[in-house]
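Encoded as structure tokens, the following chain is the form predicted on its own, with no partner shown.
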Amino acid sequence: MNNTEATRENWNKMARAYEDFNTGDDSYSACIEWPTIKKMLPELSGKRVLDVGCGTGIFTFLLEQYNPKRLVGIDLSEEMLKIAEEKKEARNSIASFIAGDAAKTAKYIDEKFDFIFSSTTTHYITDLNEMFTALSAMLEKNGEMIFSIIHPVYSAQYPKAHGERFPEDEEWVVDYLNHSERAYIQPWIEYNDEIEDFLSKSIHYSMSDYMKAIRQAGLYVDMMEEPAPPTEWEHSTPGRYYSFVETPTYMILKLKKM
């Protein structure tokens, strides 16, 4: 089984657990990512929008609130897309969803977009250069992208993979310049009593890896944010609050063509 097939199988298994974990009012997506992304969004009314690695459509439907004329999501996991389609029907949404490898989006979608978005997808991509170059070619001349990525400092602490062995707690240490494959239990699996624990695997990229791939694709960083957790978490869930302050979870990049 190659990396793409393994990733698809992994996400198919945990699609419903992911949806349940990430759609709560206190989810990381709702409380940390989206408030920052909203401030960075360009004008989307009447525009063509692509969501790369859309999963269950969490951000796809948030972007639809800004009245794009075309809205497309692509994801590797068929089970994630089944949930997205259920939500589409319930919302009477204009979104279209395509099953395909986000790293090779142009293989599945032959059109250009005014805005391309992606949340926490890049650390599953084995070739950043290929992905950013392909997406840059799909972007209209004055188009923009926003990529919310797992912060390189955060992904650096993911335990290094040792076959199918589960990592010990003490293996969660920052190892920034080591590009070994990482293996860990996702939080939506760890805290879900209805699903058996299993390993997820991904890639750690450094800040320079991202900057090189972005520049090679003919893009530049227009804005960069490292969102903090909500201040109210300091009192309601101080352990979680200070863990996010110590090790930032997200780095959000707004990109434009050179």
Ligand SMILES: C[S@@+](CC[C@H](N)C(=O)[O-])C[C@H]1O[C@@H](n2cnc3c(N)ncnc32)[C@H](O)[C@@H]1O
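Quick note: we count residues from 1 along the sequence shown, nothing fancier. Being a predicted model, the structure only gives us computed values, none of them experimental.
Heads up, the form predicted together with the named molecule isn't pictured, but that's what we're talking about next.
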Taking the named molecule as it sits in the model of the complex, is Trp11 near enough to touch it, meaning that at least one heavy atom pair lies within 4.5 angstroms?
yes
Could you confirm whether Glu181 comes within 4.5 Å of the named molecule in the model of the complex, counting heavy atoms only?
no
So, in the model of the complex, is Ile32 in contact with the named molecule at a 4.5 angstroms heavy atom limit?
no
Can you tell me whether Met80 touches the named molecule? I mean in the model of the complex, with a 4.5 angstroms heavy atom cut-off.
yes
What stretch, of 206-214, 228-236, 53-61, 191-199, brings heavy atoms to within 4.5 Å of the named molecule in the model of the complex?
53-61
Counting non-hydrogen atoms within 4.5 angstroms of the named molecule in the model of the complex, say which of Ile146, Ile125, Val72, Leu135 makes the cut.
Ile125
Of Asp101, Glu85, Glu171, Glu140, the only residue with a heavy atom within 4.5 Å of the named molecule in the model of the complex is Asp101
Restricting to 113-139, the residues within 4.5 Å of the named molecule in the model of the complex through any heavy atom are Ser119, Thr120, Thr121, Tyr124, Ile125
